[in-house]
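One chain is shown next in structure tokens, namely the form predicted on its own.
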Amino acid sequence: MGGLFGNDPLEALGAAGARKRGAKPSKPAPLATAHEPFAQRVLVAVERGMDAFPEGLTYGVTARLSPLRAGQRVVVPLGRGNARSHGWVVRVLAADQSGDIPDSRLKPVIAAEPAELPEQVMELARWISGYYACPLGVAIAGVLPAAVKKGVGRVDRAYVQLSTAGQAAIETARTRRGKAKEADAPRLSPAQKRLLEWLQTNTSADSVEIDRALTGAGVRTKAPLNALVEQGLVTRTLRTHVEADWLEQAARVEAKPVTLPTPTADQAKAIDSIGATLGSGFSQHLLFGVTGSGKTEVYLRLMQKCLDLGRTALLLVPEISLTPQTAGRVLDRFPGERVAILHSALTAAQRNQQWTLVAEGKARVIVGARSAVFAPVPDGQLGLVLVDEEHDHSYKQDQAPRYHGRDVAIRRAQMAGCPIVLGSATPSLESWFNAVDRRTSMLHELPHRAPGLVVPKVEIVDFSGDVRRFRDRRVHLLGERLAESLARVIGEDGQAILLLNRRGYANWISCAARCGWLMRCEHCDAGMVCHATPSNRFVRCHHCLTEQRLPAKCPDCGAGVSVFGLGTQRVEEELSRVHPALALPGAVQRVDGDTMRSSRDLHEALGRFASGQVRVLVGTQMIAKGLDFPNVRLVGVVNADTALNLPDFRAAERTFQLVSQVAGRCGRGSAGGRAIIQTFQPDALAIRAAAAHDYRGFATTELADRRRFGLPPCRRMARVVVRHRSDTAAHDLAKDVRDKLASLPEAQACEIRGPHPCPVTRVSDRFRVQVEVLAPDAAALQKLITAARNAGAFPGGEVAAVDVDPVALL
């Protein structure tokens, strides 16, 4: 264990800095330690970015804190100043693992905290640290919600119950009523007798219930209760609870009758095939079903089979927008089960409450977004993992640890030895490749919509023709065909969903006199986006979030300012001219990152749409998937090209998925539905294939292109982004990263590209240069990344970000 005790990275850096300045290193600050030998020695991963000590630091544990277990959160001294830092016990060291290190050279653990993780979750964090190139302490810290660490909502409540002596005292009082009292019999007041008799039927009462009982008995003090405790007739214990607002009702967006539909032949085949693997170890399944084919029903049936085996089921959804409806269906299907709901939009107390329910084994059904993959299910209890909309990029975390929720879920299922089901109407090419080419995943298909649901008719509209026909100079985002269809649907009391994957009012702000001025962010290489409020307009950068008022004049020539382009706010404004009913307050609801600030906002918005108060939902990709409203008869894609021409090899795949998913939101009622896709590129493969519901054709063509250029999923990729305030320094650092990677023996099996500037070169005044690593498989990529970390190839701190299996290259 050399190097893991006595010193740590901060201490070593401090000493090195002092030597450079020609000064003697300062002595460590005094630390109170026990004089008796340590009862344990443990490895602790500190919640800091410390790649130099991947296994953790060794600390001693005094008898007062012993025994500690792996997975416990502790407070330890760190650095020359012995700063109190949080960390996690990674491993309890045996006597032969500590070497001959004297206790005097070890620092003691200061305190142990209530937070604790199951062994499987700790092992999962260790895997994330290694695979996604993240310090172990940071990886573990990302597993536990902040609300759980802080104990938000935790209360200690007193409980009292009869002791054996108390029960005997009641029996004695009953059998000897009216007889002379024996000297050894306890003397009880009338209030004490009533309290003992009440506790016979209320075997374990908390302090609130006791107060009510005393009040009902006409006793205004706790003296009778305290006397019973002193005599040993009643025992008092403290129990910890996590209290929060009632959560399950908030998950019910719409009330549906609890009726079990008869599975279709395709559903029954998938349920039987996957269900046969429950309890038989790890297996991986891809459930490929068209929108409306009943994938959720398959999930629910499999969850019931899992519960029948006495195990816990975990269902992941990609975004908060899907959680209300999904959780509502699960709650309705399993009314006798405690369902835990985990996602980032809960209040702090709710997150702690739901997490605690899972940790205590009181919730056997778990529904949540990306972070729910770390749910603290007791070891040996997890029996099934389901990942809905597995293709969605929301499963990818954009900060350290940069894990992909779908891939982490697969790893967790492997560790738990249980099946995992990945479901989607538009699977990621990675999952499709694993099922069709590599055959590591079993493919189950639902090619038909459920009974009563109609496949929507999809119409592609060349929007360039509409633009030429507009006779006024106003910006029109709804073409003639889409506007007419929308007016007809609203006139027939139907509902509609309009998708535009761009927030704000307009994304092009320039000089009205065309002098050449274009408003760009001062801190980023990106244009500013205009946003509108009832009182004014302002501009915002969607990268660094800088805001300012919309300028009244061009700063170069003094002419006026023109606002062009598109955004969800502009669509919302234009709808009032399509039909009189849409001009009424509350008839149109915008759903994007600007309007949905909390889960409550989203739940209420979807609730109003479900009840019919809202006639049209206008939004970004938040409304493109998973929502099920039978009265939606029209879906409009305002501009299908927003992501198609981005400099990212996944642009076509992302466009196909978005268009296909949003088109699937209609046709879920008896009236059927229609989808209208406006585009300037009607011949693009992604748009034509989405309109024809032809996933296989699109995947075959796209995979052929990926093979030709050696891109994922045919190879694995890692992306190293170097950020610096100096463009030259960023390039120099990136070149150094490339050279160090290329010099490693593990790089012989890999291809290293770059360095070259990122498509968005400057963000928040930092220039961004990237190096890409392509490897034949995950093992080769992992070997190279691990060797590079050990060799110190990546700059520390925030200078470099290593993204393994990136989903976006901007």
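Computed from a predicted model, the values in this text were never measured in an experiment. So that there is no doubt, residue numbering starts at 1 and follows the sequence shown.
What comes next is about the form predicted in complex with a small molecule, which does not appear here.
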property	result
Interface residue in the model of the complex among Leu307, Val90, Val290, Ala141, criterion: non-hydrogen atom within 4.5 angstroms of the small molecule	Val290
Sole residue of Thr264, Gln192, Ser394, Gln621 within 4.5 Å of the small molecule in the model of the complex, by heavy atom	Thr264
Candidate stretches 449 to 457, 395 to 403, 547 to 555, 512 to 520 - the one whose heavy atoms come within 4.5 Å of the small molecule in the model of the complex	449 to 457
Heavy atom of Gly294 within 4.5 Å of the small molecule in the model of the complex	yes
Residue contact check: Asp407 to the small molecule in the model of the complex, 4.5 Å heavy atom	no
Proximity of Glu653 to the small molecule in the model of the complex, heavy atoms at 4.5 Å	no
Arg126, heavy atom within 4.5 angstroms of the small molecule in the model of the complex	no
